[in-house]
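Shown below, as structure tokens, is a lone chain in the form predicted on its own; questions about how it binds or moves come after it.
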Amino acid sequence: MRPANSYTLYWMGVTFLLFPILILLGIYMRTVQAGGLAGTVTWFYPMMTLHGVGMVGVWYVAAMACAADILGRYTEPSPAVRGLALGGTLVGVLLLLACVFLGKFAGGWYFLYPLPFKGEWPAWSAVAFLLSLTVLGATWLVWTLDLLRAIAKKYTLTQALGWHYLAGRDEPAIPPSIMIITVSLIAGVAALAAGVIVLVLFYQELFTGAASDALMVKNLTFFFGHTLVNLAMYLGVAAAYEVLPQYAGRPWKANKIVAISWNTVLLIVLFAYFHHLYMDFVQPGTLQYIGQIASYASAIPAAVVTIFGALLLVYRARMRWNLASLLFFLGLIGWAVGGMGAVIDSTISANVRLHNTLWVPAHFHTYMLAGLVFLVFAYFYHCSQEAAAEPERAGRQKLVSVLMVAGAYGFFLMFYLSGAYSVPRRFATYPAELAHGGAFSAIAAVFATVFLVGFLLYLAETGSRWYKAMQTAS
């Protein structure tokens, strides 16, 4: 038995509480799009805002919690900052809930300028939304900097990034998870700094009336949002590098190829966001081509190297398959599938047709739900089981995996088919010409419910271990 860190367990509790609520909001939206719950349609866009911001935020901090727990095995992150991260996140969530449920704020998770100032919601709700993002962003930036400080206290920058592997040296041996987390946190500082600039520009207009350049703010917003979502995924992948070898009985060591791939990611991930701005024709054309090239290139170093590395790790290994190892493997598959959907969408000739369709939520739901969520759930179960050491029930764990995979991929398929049949995104209801969009939505709501049932079984399987781990937490 290995006692679990109490802060990690707190983050598990927050995730277990918020995630099913956000799933229900997703089921609600698909039900409204299917023509049901007509009397509540005015809540569609506020719920879309809460669902989007909530899901991105919950899974970012959940991935950060995994990274902080991994770093705690090698370095010494500050307990005070860990407490600040938890408290600041809860304050930010409360402000978000207030602006949505009391003020009906409906600017979307992307809150594109100047939309927060132009809606029918009261002005205070827009301010509360901006304050929520301010608290969350400042808290996460401090947390990120502290984790980098902890890494720097033990490793030099060149060691943490694995540059000595590039020079042909194998010492000191650096866990690949440390390398991936370092890359992600450095890029995370840049993303969060961009978010701070966006908020400053919003506050400047709020207090002085001075308007900002809309295209500049949009670039900063997507640099912030797209980068942060990708980094959350990478932190989940770092957990797979750290833990999956324990189930395979083989090491997953850092080497020159791993170092090259993840250092390349540090450069590429900062430019891939341009593919969100293809429809902004005033954007310099060179940047659009950079966006397509970077989007293609980002799939090679991280995904290809990691996927093949995982396959080689598992191939002919005496795998101990349980809920953790299954979800780690399934999470890497989900990352690959969602990444392929993203690569298709980032192709300019395809994006012209897919950009404003449900293909877009199709790909990011895939790599978030079947990728990051599965990886984090794998790590959460692993930590809880390590601390609790309860007997494992293989039948129930396979059922959990089957229900979540079937529910998730059935749900995604409806998004992909909707995108292929030109069903637009962000529509609360569909006109007669898009009646097929309503049919896809109804089927998606059923599959989302199947996933929810699988999650509740996961919660029953992990919750008892989590509770026992809380009793012995360090």
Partner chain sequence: MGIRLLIGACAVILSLAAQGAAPGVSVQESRLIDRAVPDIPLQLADGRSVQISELWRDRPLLVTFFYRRCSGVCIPFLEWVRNATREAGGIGGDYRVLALSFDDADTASDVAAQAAALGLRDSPHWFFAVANREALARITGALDFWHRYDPARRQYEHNALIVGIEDGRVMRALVASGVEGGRMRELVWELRGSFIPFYAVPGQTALSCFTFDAVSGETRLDWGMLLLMLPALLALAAAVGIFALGSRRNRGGMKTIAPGGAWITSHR
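Numbering follows the first chain given and starts at 1. Since the model is a prediction, treat every value here as computed from it, not as a measurement.
Here the subject shifts to the form predicted in complex with its partner chain, a form of this protein not shown in this document.
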Three-residue site 330, 464 and 468 fully in contact with its partner chain in the model of the complex at 4.5 Å by heavy atom: no
Proximity of residue 193 to its partner chain in the model of the complex, heavy atoms at 4.5 Å: yes
4.5 angstroms heavy atom contact with its partner chain in the model of the complex for residue 170: no
In the model of the complex, residue 255 touching its partner chain (heavy atom, 4.5 Å): no
Exercise: residue 102 in contact with its partner chain in the model of the complex, heavy atom 4.5 Å: no
Segment that reaches its partner chain in the model of the complex - one of 144-152, 87-95, 370-378, 104-112, heavy atoms within 4.5 Å: 144-152
Residue (of 294, 186, 81, 343) lying close to its partner chain in the model of the complex, criterion heavy atoms within 4.5 Å: 186
Contact assignment for its partner chain in the model of the complex, among 197, 131, 229, 337, heavy atom within 4.5 Å: 197
Partner contacts in the model of the complex for 5-19 (non-hydrogen atom within 4.5 angstroms of its partner chain): none
